[in-house]
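Have a look below at one chain only, the form predicted on its own, in C-alpha cells format.
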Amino acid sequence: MRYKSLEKLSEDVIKCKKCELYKSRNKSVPGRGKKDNKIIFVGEAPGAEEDEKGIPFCGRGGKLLRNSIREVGIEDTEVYITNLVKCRPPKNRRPTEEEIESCNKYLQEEIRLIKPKITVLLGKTAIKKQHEDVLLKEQHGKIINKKESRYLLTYHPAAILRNQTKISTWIDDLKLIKKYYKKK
C-alpha cells in the first residue's frame, strides 16, 4: 500500500498486528516529524520509555540525540525520527529479521513521502538493513550514496550512553549532516 500522508501511515502503525511484537507492546511507535523534514534519523526499535509513551527517541537516548543535533546546529524541528521496528522487542532484545521485514514497508513509505536529503542510520542494526554488515568503528562518519539516497552511518545514542568516550566522535559524525544538509 502506498500512503498519501504520514498521518495515515501513523494510524496504521498504531493498530499494526503484522508480527508477534504487538502482543507484548504497550504502544506502537510511529515516526515523528513533518513531511518537509529532509533529515531522517533511523534507529533500531523503541525502548521502554518509547513503548510507554508511543513517541520515538523520548528516553535517555532520545535526549542525547536531540541535545547533540542542537549542538551541531540542527533544530529537532528539522528532523524526522523513526525506527526500523515500530514496537519494542521483549527484554529490549534486537529485533529479528522477520520483525524488521514486517515493519520495513512503513519505513520505506516514510522515506518515500519525506524524500530526505540525508538519512542517518543509527547503529549496526539500522545500517545492516540498508547496507551490508559493516564494522561501525571503521565506517562511522561516512556518507554513502546509494541510488538516489544518501546515508550517514553513525553510532546509536544508546551505544554512546554506554561508552561516553565516543561522544566527541559521534558529534563529529553529526556535524557532517549540517555540512551536507546546508549545502543543498
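Keep in mind it's a predicted model, so treat the numbers as computed, not measured. Note that residue numbering follows the sequence shown and begins at 1.
What comes next is about the form predicted in complex with a small molecule, which does not appear here.
Asks: Of His140, Lys117, Lys129, His156, which one comes within 4.5 Å of the small molecule in the predicted complex, counting heavy atoms only?
Replies: Comparing distances to the small molecule in the predicted complex, the residue within 4.5 Å is His156.
Asks: Just to be sure I understand the contacts: of Ala45, Ile69, Ile39, Leu121, which is the one whose heavy atoms reach within 4.5 angstroms of the small molecule in the predicted complex?
Replies: Selected residue: Ala45.
Asks: Wondering, does Pro56 line up within 4.5 Å of the small molecule in the predicted complex on heavy atoms?
Replies: Heavy-atom contact with the small molecule at 4.5 Å: present for Pro56.
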